[in-house]
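Read on for two forms of one protein chain; each stands alone as structure tokens, with the labels structure 1 and structure 2.
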Structure 1
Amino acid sequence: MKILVCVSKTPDTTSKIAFKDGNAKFDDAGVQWIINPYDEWYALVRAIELKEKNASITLHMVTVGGADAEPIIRKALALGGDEAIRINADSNDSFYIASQIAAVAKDGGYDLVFTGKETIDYNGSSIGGMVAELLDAPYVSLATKFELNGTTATVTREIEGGEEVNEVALPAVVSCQKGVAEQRIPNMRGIMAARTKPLKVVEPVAVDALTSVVSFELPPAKAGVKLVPADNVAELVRLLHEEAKVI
């Protein structure tokens, strides 16, 4: 059994979001980079748990990024897993990124590909579905529980107002979110072990991007909160009804 976990480098949740070059690029000055939380806390940790239960599982992780993504992938290796692959390319087009991951996944013959449900920077929720399509494999998205049973998996996924339990044949692609696993902190042994784990660098395959970011913009600043005295709740209701027109 071989599992591939897709990890992405994203700005820390608390980063100040700003743009440069005439709003064409994300301004990364002073930004702390982390592993996308959905990739790390849920997809990666669940894969590590599966390997802990069954030592014959091989666990690889893959990222698409430049050399500056390596500290992130070492951190991922410190949590667990056998080996990491960095595809040496930089892009914000989902199809381009997914095509790179699919090429690695095809070569490696993985039984299971995990992604986070979305990245906290581009919020596309697209990589898992695209990789699945390119591999011609089934896809279960927004998983909240995941269990392996031989050649199939039982996956609970989010639906509107509830959950649905799916039985899916492997190989498959699954996108993970809260519920699948709990966040872990790497320990010193893991950090030491990560230093000697293989981190392979592969060159990208030739693919045309299907989209390009023209510009970024920040939302208009909030006008500021309108405070209503605690003894005049009726005034709040009037404002919501007559001014904001939301009730």
Structure 2
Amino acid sequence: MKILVCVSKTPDTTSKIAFKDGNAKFDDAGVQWIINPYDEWYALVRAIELKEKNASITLHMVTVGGADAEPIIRKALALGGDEAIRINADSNDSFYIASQIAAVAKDGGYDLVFTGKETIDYNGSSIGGMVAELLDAPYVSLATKFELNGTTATVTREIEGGEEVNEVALPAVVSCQKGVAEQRIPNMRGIMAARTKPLKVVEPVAVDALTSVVSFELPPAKAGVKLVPADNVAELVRLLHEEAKVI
């Protein structure tokens, strides 16, 4: 069995966000890049757990990005897995990225494709579904539990007000979120081994991007907080009525 885990680099949540070129591009000066947490903590770790239970599983990782993405995918290799693939392209278009991943998945004959439920920078939640459509494979999103029995997967997913349990025959695409696995930290042995594990660079397939970024905009600055003494209910009511306009 072959598993492919999609990995994306994202800015660390402590990074200062700024834009350049008339707010049309993200300013990455001084930004600390990390593996997207949903990809690392849940999708990748669950795939590693499956491989630990079944040594016949081959585990690969794929990312779409330039050479600056290689330290990120090397870190992913340090957690576990056999090989990494970097698709040499840089794009913010979900369809373009999904098409590149789907081409690799199709050529590699993977039985299972894992993604995180979303990236923490764009929060698009779109890649997994697009990859599944391009592969003509079933898609289960928002997995909180994943069990594998031969070529059948049992996936518990979060729905409005509860959970839903699905059974799906492989090949399939699954997006993962909190609950499906627990975060791991690379150990020294894994870090050293990652230096010699294969990292294959492939050129992108010819696909037209369907969207482009026109501009970015930061959210408005948070207003100051007004503290009202607990015994001054009349002032609280006045502020809620006249300033907040919620009553």
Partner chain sequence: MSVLIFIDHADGHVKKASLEALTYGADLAKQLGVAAEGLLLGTVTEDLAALGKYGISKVNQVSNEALNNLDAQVYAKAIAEAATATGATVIVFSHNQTGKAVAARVSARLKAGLVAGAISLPDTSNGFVVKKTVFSGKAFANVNITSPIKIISLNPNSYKITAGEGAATVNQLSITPDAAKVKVTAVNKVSGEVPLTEAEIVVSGGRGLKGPENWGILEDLGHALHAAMACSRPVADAHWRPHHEHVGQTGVQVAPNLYIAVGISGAIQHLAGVNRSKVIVVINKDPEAPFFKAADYGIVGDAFEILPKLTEEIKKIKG
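Computed from a predicted model, the values in this text were never measured in an experiment. Just so we're on the same page, residue numbers count up from 1 along structure 1's sequence. If you superpose the two forms and keep the largest set of C-alpha atoms that fall within 1.5 Å, you have the rigid core.
**Q** Just to confirm, one of these is the form predicted together with the partner chain and one is not; which one is it?
**A** The form predicted together with the partner chain is the one given as structure 1; the other form is structure 2.
**Q** Rigid core superposed, CA of A230 - does it shift 2 Å or more between structure 1 and structure 2?
**A** Comparing forms between structure 1 and structure 2, the A230 CA shifts at least 2 Å.
**Q** If the core is used for the superposition, what shift in Å does the C-alpha of L239 show between structure 1 and structure 2?
**A** Between its two positions, the C-alpha of L239 lies 4.3 Å apart after core fitting.
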